[in-house]
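Below sits a lone chain in structure tokens, taken as the form predicted on its own.
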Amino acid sequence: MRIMYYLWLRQIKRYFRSKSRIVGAIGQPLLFLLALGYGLGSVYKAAGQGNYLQFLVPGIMAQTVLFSSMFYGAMIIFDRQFGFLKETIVAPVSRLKIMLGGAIGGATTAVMQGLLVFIISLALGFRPYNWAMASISIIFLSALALSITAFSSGIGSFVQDMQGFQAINQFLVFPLYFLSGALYPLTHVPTWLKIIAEINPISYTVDALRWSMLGTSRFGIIHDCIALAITLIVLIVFGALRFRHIEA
């Protein structure tokens, strides 16, 4: 546990020492909140759907955590290039603990960025329907963050350069997010899009966040929790298996 703690602490210190990373991480979410929340808010309201900012915030929080968690795989590539990874994996410690320690640290910083977006959204006018229920959203954000950091650990284990990692990132993460219903309701979309959303694990995270913050759910909170649990287990196993064969 001590090794996992130190690897977790390393990610936390690395995060707070990089002020530009903190500012940059909230730049895109803030743009989405302002451009979409206010730009399309009148259209959304005219369609009888209510306040678009209220609908949008849980999706933007999921976006922030998703993208920030995926960035952890890039850190593994950096560590390989600068020699830190080699020093770590030759230590008499199981690679599972090494992977989990770093992944939990990356997940922690991702959740912190998601909560920072939540605070900014409050300043823009967002209000959860129940503050006690809204606190449960931390659990859903943490499950998403740990799932994606474990997944990115697996990707970073066999990708040798940043160009390859970014290509995989754009090929997988962006479609998963934009096809999750985070930016638009799934009520009147084509059938094929509903099917994709139903097999997309990010959809269930967004839905769980809306349940905790807005009191609404498309899939039902039980289905959301089951989907999140399965995703978490599968991606941790994937990351652990890939990290076991990593070469520094």
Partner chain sequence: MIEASHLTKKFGNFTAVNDISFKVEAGELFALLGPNGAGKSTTIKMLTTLLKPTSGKLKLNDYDVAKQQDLTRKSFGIVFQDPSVDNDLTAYENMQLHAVMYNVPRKETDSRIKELLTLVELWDRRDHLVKTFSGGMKRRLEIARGLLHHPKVLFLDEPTLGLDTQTRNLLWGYVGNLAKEKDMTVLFTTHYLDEAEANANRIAIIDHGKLLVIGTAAELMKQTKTNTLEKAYLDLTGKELRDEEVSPHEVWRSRQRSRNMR
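Just so it is clear, the structure is predicted and the values come from calculations on it, not from any experiment. Positions refer to the first chain, counted from 1.
This next part talks about the form predicted together with the partner chain, which is not shown.
- Although the partner is absent from this view, F84 contacts the partner chain in the predicted bound form, with a non-hydrogen atom inside 4.5 angstroms.
- Looking at I155, you'd find every heavy atom of it more than 4.5 angstroms from the partner chain in the predicted bound form.
- Residue contact check for V93: one or more of its heavy atoms lie within 4.5 Å of the partner chain in the predicted bound form.
- When contacts are judged by a 4.5 Å heavy atom cut-off, A134 does not count as touching the partner chain in the predicted bound form.
- Screening 173-181, 85-93, 122-130, 101-109 for residues having heavy atoms within 4.5 Å of the partner chain in the predicted bound form returns a single hit, 85-93.
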